[in-house]
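Before any questions on binding or motion, here is one chain by itself as structure tokens, the form predicted on its own.
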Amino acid sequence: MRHFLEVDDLNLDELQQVLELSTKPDLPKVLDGQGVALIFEKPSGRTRNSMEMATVQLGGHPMYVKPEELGIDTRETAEDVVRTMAGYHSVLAARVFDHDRLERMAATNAMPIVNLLSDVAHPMQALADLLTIEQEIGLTRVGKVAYVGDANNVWRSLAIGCSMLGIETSVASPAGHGPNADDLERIVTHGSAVQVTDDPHEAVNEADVVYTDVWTSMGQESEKADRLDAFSRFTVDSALMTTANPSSIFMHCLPAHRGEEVTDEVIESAQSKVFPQAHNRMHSARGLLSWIIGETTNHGQ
């Protein structure tokens, strides 16, 4: 039984296999006649559309489940939900507030669990990011990926994936919003260095990829005013992009708050790859589902 709660739930060979599968538009219909439960405690248009279409392309039936339909840990435990769903579906994929809930689901080993986003990790986004970098530059040709903004779940999963592939990363965040020691240790354990700074220009200097995310994520709305003030020096604009390599690309997981973390000029520039990146959410989901079903079939549930 294999689960995908964070990028390094795969080893390097497996990560490369998933990325390779993600490039293939006509994979075998490994989900023919099977269901995939998609549980959304937090809504997302990109995540729902990409996962539903990836499931359909593999011959399966996606089932979108609203939080009130289950009442996880109010009407019934997360563990009981998984054991029930295992009788209907071949994979359970969930977008949750609390990562611990995913870990409890996976601990049942009743069915493969896929993390669609939690408070600490966003590995499905990282797969799409890495696939985009491979297509636009080539993973073996990238020297540094620079992240500007909140060292959040998106940053963490991307940095882990980059480190596994031998790519150095940098992160520029204001005080109180940078990476914690445990995350940094986990990243560098995979073999690549992480540059931590509060200076966006230092982080972006000679980078091949410049990445940012919103300053105020879902569930942090009450902090918006404080965050706007804290991150005011961290907008990715054209001046900052000139610090990166001339052939660098700009990436953003979307939705973008134009005029805050990124300017219109940058997100609409030729360097911007945000929409191929968004489309790759579907392709990488197809690759991951194909791989995880193959692993389950080969090794048995």
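Numbers follow the displayed sequence, beginning with 1. Remember, it's a predicted structure, so these values are computed and weren't measured experimentally.
Beyond the structure shown, there is the form predicted in complex with a small molecule, which is absent from this document and is the topic of what follows.
- prompt: Three residues, Pro43, Arg46 and Arg281; all within 4.5 Å of the small molecule in the model of the complex via heavy atoms?
  reply: Every residue of the spot touches the small molecule in the model of the complex.
query: Of these, 46 to 54, 260 to 268, 239 to 247, 29 to 37, which stretch puts a heavy atom within 4.5 angstroms of the small molecule in the model of the complex?
result: Looking at the partner contacts, the answer comes out as 46 to 54.
In the model of the complex, the residue from Arg104, Lys144, Arg95, Arg227 that sits within 4.5 Å of the small molecule by heavy atoms: It is Arg95.
Single option in Pro276, Gly59, Pro67, Pro255 placed near the small molecule in the model of the complex, where near means a heavy atom within 4.5 Å: The residue in contact is Pro255.
message: Given that the small molecule is not shown alongside this chain, does Gln125 nevertheless sit within 4.5 Å of it in the model of the complex, heavy atom to heavy atom?
response: Answer yes; at least one heavy atom of Gln125 falls within 4.5 Å of the small molecule in the model of the complex.
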